[in-house]
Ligand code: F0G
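Before any questions on binding or motion, here is one chain by itself as structure tokens, the form predicted alone.
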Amino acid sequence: MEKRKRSWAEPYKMKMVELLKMTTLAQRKKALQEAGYNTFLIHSDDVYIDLLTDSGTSAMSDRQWAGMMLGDEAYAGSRNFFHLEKVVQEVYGYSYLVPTHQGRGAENILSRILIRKGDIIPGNMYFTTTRLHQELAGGKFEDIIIDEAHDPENEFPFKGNVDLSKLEKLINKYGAARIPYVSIATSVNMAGGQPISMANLKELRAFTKKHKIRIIHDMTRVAENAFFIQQKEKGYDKKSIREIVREINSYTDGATMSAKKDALVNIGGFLAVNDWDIFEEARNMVVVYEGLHTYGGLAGRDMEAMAIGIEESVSKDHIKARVGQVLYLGNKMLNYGIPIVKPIGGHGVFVNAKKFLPHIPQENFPAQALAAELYLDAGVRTMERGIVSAGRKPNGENYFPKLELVRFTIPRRVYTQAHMDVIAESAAIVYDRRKKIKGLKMVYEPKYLRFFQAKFEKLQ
């Protein structure tokens, strides 16, 4: 007898709900125009399903909310800091902790400590805030991700891998002394949430040790990366997510963390390192830029919720459901014929705007135009990850990334499978009328990180 396939369900039940607002097409048109066709500038009250980001938008557990009531708001030496420090050491394996208000606070401090003018920082694809902090400190980012990562159709399972030959060329060109560290992200965001393999990390660690170069880890979505290693990499199917996370971190020298993602909190982050001298300098600098070294811009209750969230993030049931929901949405889109980045990533589905809207040239912002149209159809808010996010080079010219994507980012423990159905159906409706969609022109551009605040007008 053939084995019956079982349905999957979320490993939690609702204890409280937040009512969603349904809007009319006329209301969405007005909101979109007032926002200058930038989904970041739409008021959340005008959004039905919000997939702008998974950063700080997750639902906390009852245990986390209970922990919030145990906040020790002492200015110095909060017991919640020491709880968080213990959890970071036990779960992630790093020796020293410096809390920050969120991940970019850690990026700022780290960049100021390690980067000198003229330094080169290789990494497995840029991330917006990370690269900006590196540039403001006088460094230059160099992409050393494998070529497959720039091809949305390529189905290689570990598109976050580093190309060691690219790194070797940089060392030969600039010298190891000008490379303060290699910047490694797990579940590479700008590539579509693509993981790095453990085998590649081991090779990278051996290579950097030979050249005495540090590895600094952007561990924002490390648990999601661990899930893909467990599912796809030989020898890891019997290991727990917690064990895999700890092994990933063991091949790095330190990490920046936006706890607003994997750690399931609405605010918070940290810098974690193994080097006492870096820790000592960071501990001094956090007092200048964030807050005392035992709170780093956070309330005690925030640190307690983070400590509990880290433990929950490496739970088998949680991570299977979290990534499973993303896979569910991605497969529904594929069934509708919508071009997305393959394989489906860990934190969102990334639609290939170049293929979705081939009639719109990249200089007319196809991904930005598509995000606007998706909002217009059903009030689903997504975000652009293409030429707008890439920004400008130090000489003022636009970066033209090979990937021009719209990110459908799924908050953790927030939406149901029914919401995923609505999202996929809306994307399919927009896909059916794709030939009528027009490009945009930028009419306002801020100095830094323009994708947050830029404004556009529709081309006629």
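Residues carry their position along the shown sequence, with the first being 1. Quick caveat: nothing in here was measured; it's all calculated off a predicted structure.
The form predicted in complex with this ligand exists for this protein as well; it is not shown, and the discussion that follows is about that form.
Task: Sole residue of 342, 260, 354, 381 within 4.5 Å of this ligand in the predicted bound form, by heavy atom - done: After the contact test, the surviving option is 260.
- [ ] Only one of 96, 181, 236, 127 comes within 4.5 Å of this ligand in the predicted bound form by heavy atoms, so just point that one out.
- [x] Contact residue from the list: 127.
Task: Interface stretch in the predicted bound form with this ligand - options 47 to 55, 397 to 405, 22 to 30, 421 to 429, non-hydrogen atom within 4.5 Å - done: In the other structure, the partner sits against 47 to 55.
Task: Interface membership of residue 220, this ligand in the predicted bound form, 4.5 Å heavy atom rule - done: Output for residue 220 is yes: heavy atoms within 4.5 Å of this ligand.
TODO: Mark residue 385 yes when one of its heavy atoms lies within 4.5 Å of a heavy atom of this ligand in the predicted bound form, and no otherwise.
DONE: Although this ligand is absent here, residue 385 would touch it in the predicted bound form, with heavy atoms inside 4.5 Å.
Open item on the list: Quick check on residue 102: any heavy atom within 4.5 Å of this ligand in the predicted bound form?
Closed with: Result yes; residue 102 sits at the interface with this ligand in the predicted bound form.
Open item on the list: I'd like to know whether residue 134 contacts this ligand in the predicted bound form, with contact meaning heavy atoms within 4.5 angstroms.
Closed with: Judged by the heavy-atom cut-off of 4.5 Å, residue 134 is well away from this ligand in the predicted bound form.
Task: in the predicted bound form, residues of 415 to 434 near this ligand [heavy atom within 4.5 Å] - done: The stretch 415 to 434, when checked against this ligand in the predicted bound form, contributes no residue at the 4.5 Å heavy-atom cut-off.
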